[in-house]
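Given next, in C-alpha cells, is a single chain: the form predicted alone.
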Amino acid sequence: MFDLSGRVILITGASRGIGRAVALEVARAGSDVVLHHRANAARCEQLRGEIAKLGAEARIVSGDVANPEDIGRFVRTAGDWKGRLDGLVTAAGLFRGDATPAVGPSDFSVVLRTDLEGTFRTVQASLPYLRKSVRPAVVTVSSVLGAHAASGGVAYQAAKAGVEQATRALALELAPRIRVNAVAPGYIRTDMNREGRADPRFAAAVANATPLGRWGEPDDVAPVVRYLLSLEADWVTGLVLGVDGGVPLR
C-alpha cells in the first residue's frame, strides 16, 4: 500500500528533520526525489547516498524559500529533471519562539515570508510541472500551533494558521486536477527545537501536554505524508491532518 513507484517528488527543507524523514520514506516507496536545501549541501549529498541504497534517484537543488526568485529557479531545475512533478512537500520552515516584546522590526516578516509566502510561492511555481503529472498531490507542513495557541512565537503561529487556510483554498482552486492537503505535526524532535528540548522543565511540559506521553519523531510524520501523496488518498483533499500525539485533546 501507499506505493509511489515511478513518481517524482520535490521536498523542500529536505536536509534535516521532517523533510529528511519524508525523503527517505517516499524513496522506500519507490519515488525519485528532488532534495531542496538552503545551506546544507553536505547533508543532502549524504541523504542522496542513502536514497541510492534504497534503489531510488535523487537530485539536489538549493535556494531560499523566502525569496521568490530562488523558488522559481530551484523549482524549474526540479521540474525539468524528469519533465514533471508528481508530488510536492513543503517542509522548509523557520521557527522563532520569542515573546512579543522581543520581536524586532524584521523578525515577524521573515517568518511569514519563509513559512507562509514561501509555501504558497513554491506551490505556485510548481503548478506547470504538477499539471504534467497523472494524479499529482501537494502536502504542506503546518503545525499543531496553526490552530492551537501557545505563549510566544506569534509570527510562527500566524504563519502556520495561514498555511492551513491556504491549503484549503488551494485544494478548492486546484481541484479536481491537483490534490492539496496538510499535515500539522505536534512537538517533534528536530534541530529547530533543540534548545527547548535541552530544558528539562520544557521537555517535561511537552510530554505532559501530549496524551501519548512523548515527543514525536520525524519518522512519525513521514508515513502520513506518504499516504497523502499516494493514490490511496485519491479522494482526500483540503484536509489538515494532525500528527500530534493528541495535543489538541488537552
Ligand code: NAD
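Heads up: residue numbers just count along the shown sequence, starting at 1. This structure is a prediction, so every number in the text was calculated from the model and none was measured.
Not pictured, yet referred to below: the form predicted together with this ligand.
- For the options A78, V180, L88, V141, the residue carrying a heavy atom within 4.5 angstroms of this ligand in the model of the complex is V141.
- This chain is displayed alone, yet in the model of the complex one of A29, A58, V61, I188 has a heavy atom within 4.5 Å of this ligand; that residue is I188.
- Across the options 79-87, 168-176, 101-109, 141-149, residues that bring heavy atoms within 4.5 Å of this ligand in the model of the complex belong to 141-149.
- Proximity of G93 to this ligand in the model of the complex: non-hydrogen atoms within 4.5 Å are present.
- Although the partner is absent here, A66 lies within 4.5 Å of this ligand in the model of the complex, judged by heavy atoms.
- In the model of the complex, none of the heavy atoms of T210 sits within 4.5 Å of a heavy atom of this ligand.
- Within 4.5 Å of some heavy atom of this ligand in the model of the complex lies at least one heavy atom of R38.
- Using a 4.5 Å cut-off on any heavy atom, the one residue of 101-123 that reaches this ligand in the model of the complex is T114.
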